[in-house]
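The chain below stands alone and is given in structure tokens; this is the form predicted alone.
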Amino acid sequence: MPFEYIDRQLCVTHKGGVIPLKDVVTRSPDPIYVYDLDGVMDRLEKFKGSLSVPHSVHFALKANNNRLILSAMAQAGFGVDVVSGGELQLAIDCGFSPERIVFSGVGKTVSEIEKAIQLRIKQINVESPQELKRIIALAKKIGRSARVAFRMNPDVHAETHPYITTGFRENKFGMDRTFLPELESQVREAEGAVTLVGLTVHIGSQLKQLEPMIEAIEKTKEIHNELQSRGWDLKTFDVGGGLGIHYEDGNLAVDEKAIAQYGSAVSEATREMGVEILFEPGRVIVARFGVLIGEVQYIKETPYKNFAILNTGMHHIMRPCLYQAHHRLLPLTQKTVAPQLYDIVGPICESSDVLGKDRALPILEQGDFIAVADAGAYGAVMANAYNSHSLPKEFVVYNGVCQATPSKVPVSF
């Protein structure tokens, strides 16, 4: 386990031993994120090892943009998927070579596309005919050909929160087959300004069922085969990401079984395609290996509720208020006293600032510390300074050393 109780203290474990989290919180008076980078890199290797087709793994940077984590991934030879010009620059700064960068996202600006073309990144995933038209015009202006892939919308309704489903016909993402004549015509008339290298599909995040993902792949394969039959020399097939975890428990074996099943199923579905299969995992790589730690400021007992009010909340981890998401809440020190029900809440002036309702925890006191578990994905990367609060500092444990994330990159290990 990346975080576990040893002698009643919640610790981050690593190859050389353990570091009690109570020792890390002394390094900052404010809430902090702590990541187990050893665990992240091991998880990446397990993901890669589940695949039996020619492939490349591109971490979804939107899930976690910690510089130490990204630099370690780049140095290990992995790729990255970005969705903005800022992420593209961060990827370059952290050591990812352009040929390992995929650029997704529905609203790419002129300056973002220009940067991607100038860098000669692996591919730009095109979301609309207007975007393709813009890419062609900019490629001609710059004098460099851009590698593009069409993002298809397979009209598959994934069973996940409606805010993070992306492959249904009512979503803003991707294009259905009716767009193909216009897209193909644009590429033919582009005079070499763009090269169509493949297709991409992504139907959502926090997916725990394989069937919708495989259905989306099969539907998109049909379009891939149609394009090849019409003479297009496709080189890549991007199956996106989205594989989820069970936030209700911290069982790593369950995650690893899901990864193995996913890798086997997708490999089987794409084995005969004869192209490079691109993967964009995010949450399943980093979620388990991060915690957000806050301090109890007050215990407030009412006739109706017991509140534990922390110095961290919705501004530092948005998932509970945004998606009604569940995160386990773990006291840094285990107590032997009987549990009591609490609503764990933050300091923000919003009633949605709740990290957990009716949680059974040993009697809490002012000054206790609580860790929000499985916060390595869509945690710090979505944090904000609402109510003019400070952003949490981030600490990374790697090879037995705990260090604060520097403000500058690249980082060497």
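Note that residue numbering begins at 1 and tracks the sequence as displayed. Predicted model, so just to flag it, every value in this text is computed and none were measured.
The same protein also exists as the form predicted together with a small molecule; that form is not shown, yet it is the one meant from here on.
Under a 4.5 angstroms non-hydrogen atom cutoff, the small molecule in the predicted bound form lacks F307 among its neighbouring residues. The small molecule in the predicted bound form comes within 4.5 Å of no heavy atom belonging to T312. Proximity of S104 to the small molecule in the predicted bound form: non-hydrogen atoms within 4.5 Å are present.
Among heavy atoms of H202, some come within 4.5 Å of the small molecule in the predicted bound form. Proximity to the small molecule in the predicted bound form, defined as a heavy atom within 4.5 Å, holds among M41, L51, M382, L361 only for M382. In summary, among the residues R288, H224, K108, R151, the only one with a non-hydrogen atom within 4.5 Å of the small molecule in the predicted bound form is R151. Taken together, D36, H326 and G376 are entirely out of contact with the small molecule in the predicted bound form: none brings a heavy atom within 4.5 Å. Listed stretches are 267 to 275, 189 to 197, 234 to 242, 87 to 95; the contact stretch with the small molecule in the predicted bound form is 234 to 242, by a heavy atom cutoff of 4.5 Å.
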